[in-house]
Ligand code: NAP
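Have a look below at one chain only, the form predicted alone, in structure tokens format.
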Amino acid sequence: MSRRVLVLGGTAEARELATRLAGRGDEVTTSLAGRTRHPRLPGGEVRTGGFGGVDGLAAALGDVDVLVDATHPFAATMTAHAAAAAARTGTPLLVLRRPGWTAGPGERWTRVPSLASAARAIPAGARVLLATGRQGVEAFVDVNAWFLVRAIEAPGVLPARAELVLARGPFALDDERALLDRHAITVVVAKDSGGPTEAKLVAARERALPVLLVDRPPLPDGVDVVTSVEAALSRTAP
């Protein structure tokens, strides 16, 4: 028996899950925030744009059997709305989150709780690879440093001394090595997104560069979490 599944997407895991759900015969719709102009689309139906807060999402769950939150680990507002809407409507909620990164030997990571904390920790005069995406760049506009800002799409503001690189990951290790060397980077700032983007961290470790790694926001209390697409498929089976 097929199930009606709403996937809150925007990640590679969300795309894979939706495509595989559709392939097994489920009625799956993926919701995308619409912040990226040319997103990679999954199988099944796709809707774009917000729901209008908790009330709008709760209304959309009227004909949904399972809600899967597979948004980015830093999409805290959407995850909070999903938890509240699911609780209000009694809809089963599953959160799919890929594991975060774990420091290995030789890493020079400093974990910080926020982008603002990362900005305060940057040494004056540093040359920074800012690999946090376009949202939150404003936290760094007044920092006394030079920034190589990498994002899929241009942010609304840039630090006073900055170069913008528009690119979509994942990135090859050799390319990350070349990027750090070409721009004489001395500090890397990244979010603990997990997944396949750790090449920049490997390249930083090889060069003994310090990394300011922004911790993920906490999940709402009591949510059901899995860390792989396979586990999500099993938990959403009829």
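Sequential numbering from 1, following the sequence displayed. Because the structure is predicted, anything quoted here is derived from the model rather than measured.
Beyond the structure shown, there is the form predicted together with the ligand, which is absent from this document and is the topic of what follows.
Looking at Pro220, you'd find every heavy atom of it more than 4.5 angstroms from the ligand in the model of the complex. Contact between Phe51 and the ligand in the model of the complex is found at the 4.5 Å heavy atom cutoff.
Contact between Gln135 and the ligand in the model of the complex is found at the 4.5 Å heavy atom cutoff.
In the model of the complex, Ala59 stays away from the ligand, with no heavy atom inside 4.5 Å. Contact with the ligand in the model of the complex, judged by any heavy atom within 4.5 Å, is made by just one of Leu41, Val202, Ala33, Ala178: Ala33. With the partner removed from view, the residue among Phe74, Trp109, Trp101, Trp146 that has a non-hydrogen atom within 4.5 Å of the ligand in the model of the complex turns out to be Phe74. Picking from 78-86, 164-172, 118-126, 137-145 the stretch near the ligand in the model of the complex, with a 4.5 Å limit on heavy atoms, gives 78-86.
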